[in-house]
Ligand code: AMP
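For reference, the chain that follows is the form predicted alone, supplied as structure tokens.
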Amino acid sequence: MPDVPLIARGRLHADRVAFRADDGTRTYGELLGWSAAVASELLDGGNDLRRTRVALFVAPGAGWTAAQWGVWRAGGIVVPICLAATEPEWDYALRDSEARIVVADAPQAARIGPLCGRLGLRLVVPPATPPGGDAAALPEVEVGRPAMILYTSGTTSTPKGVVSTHATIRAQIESLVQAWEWTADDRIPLFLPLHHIHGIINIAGCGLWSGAVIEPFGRFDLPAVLDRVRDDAYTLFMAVPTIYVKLIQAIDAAGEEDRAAIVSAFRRLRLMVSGSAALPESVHARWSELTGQRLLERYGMTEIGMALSTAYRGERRPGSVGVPLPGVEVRLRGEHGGTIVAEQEPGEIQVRGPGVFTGYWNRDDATAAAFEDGWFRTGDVAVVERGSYRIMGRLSVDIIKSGGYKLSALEIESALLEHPRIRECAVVGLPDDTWGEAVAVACVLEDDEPLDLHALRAWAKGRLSPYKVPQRLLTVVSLPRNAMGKTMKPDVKALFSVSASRSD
């Protein structure tokens, strides 16, 4: 009986350690036995879940993977649920995916149990450790069968369920394993959430495919992660820009001896990756200055996995996300159609390949609108510079049409972050009778002193073309972000509306 791809790969590494945590280690063989037991419990005497949607509400670690594999081996579709979300958000995901079963570990079951009761869902609490004994016969699962419904972050619209097959997941993983040269000797921390493609595919999926060791954390625990880095526990490190900012602050605040130990340990890693949000060029430069590591940047999204990456062996320019990954085709399409071939001309990124999702769950119209002649329309705009792609932002929120120009909010943000008093910022376009859209920036400052718009504009004119200089300014305590650190641009726009109404 053929296995789904990740299960087959797990069998190749049965005696190797898959997860290492404070409570011990789990081998790939233990994961196989554990997942078979989960599958048997889910089947409950049946012979195939036949694509039943099964929501995962399990803490990161070996137990999460045992549950994921168990759902797959029983013939179900995994629906990862964000542990940090609100009950209305859980309710939405469960209802929208038409889940019938929820798998939760004991602590999480106590949290989601009441909602399962109200929705009439079966709640399964799998064994907390790998059980002994033989599992029941499991169904044959074809690689073309749907394997996962992963919800989009909802930064610009209601979250949609992205359907991927086992073949899709295999293609996404194989592309990264080849490009980033994963091996069974790799070791990596996992502190990114397992309801997002960064954690599920880039870290857990690639690590388990390769026979590597994964160290799970319930969240990003800065002291604990730095302790393990000092111990040379890892060969790879993947994080989002906000985490690199926190690491830089921690290194800057450390004593001389501790600072030297941390920097030296980071320098020894074979690869460090940043993704899930735009990496400011200032952060890229500062991290390189501190550690000697030039962060590898990549571009992807829930619907396609990863599509672009800077070179593992080669140049990594700040602001560049590189070239198409193995097995991925990428093109830029102009606003009025036509494929763009000239450098420096912006266009929408469109992607084609075996790693592209099959469609949105129960949203045929949205699926049809997302494709053009078989190419997935990402909604992101990029230009090619010296052979590499640079992301300008989302068509809907990061491309500002002002005074006849198309401006990249990400480019303006990168320049403004060079200001000594700006810690974080988000640039949006606001409706304007004169300009069409006015460039507006919301800033988190390094101190409590006010920042004057006139002074900011004067400073920015030395770094930005006049038509890119912000026309409106709002200082805030924090920027609205989602679980992966992405700025919620619609919420930023709303902050300006609230501010205006208060001043009326």
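Quantities reported herein were computed from a predicted structural model and do not represent experimental measurements. Note that residue numbering follows the sequence shown and begins at 1.
The same protein also exists as the form predicted together with this ligand; that form is not shown, yet it is the one meant from here on.
The closest heavy atom approach of R118 to this ligand in the model of the complex falls outside 4.5 Å. Within this chain, G161 is remote from the site of this ligand in the model of the complex, having no heavy atom within 4.5 Å. Interface membership of P80, defined by any non-hydrogen atom within 4.5 Å of this ligand in the model of the complex, is ruled out. Mapping the unseen interface onto this chain, R394 counts among the residues with a heavy atom inside 4.5 Å of this ligand in the model of the complex. Although this ligand is omitted here, in the model of the complex none of V229, Q249 and W287 has a heavy atom within 4.5 Å of it. Picking from 301-309, 415-423, 179-187, 258-266 the stretch near this ligand in the model of the complex, with a 4.5 Å limit on heavy atoms, gives 301-309. For the options T165, S97, T152, S282, the residue carrying a heavy atom within 4.5 angstroms of this ligand in the model of the complex is T152. Here is the short version: of A278, A212, V273, A147, the single residue with a heavy atom within 4.5 Å of this ligand in the model of the complex is A278. Along 395-432, a non-hydrogen atom within 4.5 Å of this ligand in the model of the complex is carried by K401, K406, in order along the sequence. Figure legend: C-alpha atoms of S408 and Q293, shown here, are separated by at least 3 angstroms more in the model of the complex. Distance between the C-alpha atoms of R331 and L407: longer in the model of the complex than here (change of 3 Å or more).
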